[in-house]
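So this first bit is one chain, no partners, the form predicted on its own, shown in structure tokens.
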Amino acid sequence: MNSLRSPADEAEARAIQDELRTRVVLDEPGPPPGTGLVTGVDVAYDDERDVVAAAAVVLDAATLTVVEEATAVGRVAFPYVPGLLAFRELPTVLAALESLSADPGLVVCDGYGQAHPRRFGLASHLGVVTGLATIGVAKNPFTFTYEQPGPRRGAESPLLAGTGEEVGRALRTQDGVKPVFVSVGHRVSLDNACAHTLRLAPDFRLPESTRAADTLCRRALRDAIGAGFGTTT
């Protein structure tokens, strides 16, 4: 399913990003919103024990009911470096995805795709190594700027790099609530990424896919630590 490469250091990690980002597909619309399956992925850490837990939760895109879920727990294999977080998270995220029997459909990451200093955040990296359609929906704008979108649900504004390049959008998913920050990962258009995000967030600021994966990965981490994972004797 994937061809993930593990870097030895920061320089090699950046070189891998530079190579793989040339494979990002930005000219496909992606699946129509509200059709097929949508999978949310998220991770939780125990930094003291260097343990990471990942969750993948598959939803029916039309009804938002859970179809399947999977978790994986592993050791953190790369240090914390801003812009290189995918190398910490991807091995365990991939293990969770590979445990699914269902096709993930569109994958929604709690993070960034093109809205990344090297235009290769977790959502783009995950898409390239798996071939899946991916988007990123983040809680903050990272290093980018935006004008506040209108106050009503569905309002949006460009998320801009210093050069003026649009790397994503600030999207208001609920009236009067802070926007989320949507970016393309792989094989989805930005318009479609925003449309998917709105459909996935009928009641709350964050997509139901992200909310479900967040709850599940936190539970998986608690269970793993409670069972002694990461404890040395």
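The first residue of the shown sequence is 1; numbering continues from there. Bear in mind the structure is a predicted one, so any value in this text is a computation, not a measurement.
Below: the form predicted in complex with the DNA, not depicted.
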*Listed residue (131, 158, 83, 105) with a non-hydrogen atom within 4.5 angstroms of the DNA in the predicted bound form*: 83
*Would you kindly say which of 148, 101, 140, 145 lies with a heavy atom within 4.5 Å of the DNA in the predicted bound form?*
140
_Is residue 127 near the DNA? Define near as a heavy atom within 4.5 Å, in the predicted bound form._
no
*Hey, in the predicted bound form, does residue 122 get a heavy atom within 4.5 angstroms of the DNA?*
yes
*May I ask you to check whether residue 21 falls inside a 4.5 Å heavy atom distance of the DNA in the predicted bound form?*
no
*Check whether residue 44 has any heavy atom within 4.5 Å of a heavy atom of the DNA in the predicted bound form, and answer yes or no.*
yes
*What stretch, of 67 to 75, 93 to 101, 110 to 118, 149 to 157, brings heavy atoms to within 4.5 Å of the DNA in the predicted bound form?*
110 to 118
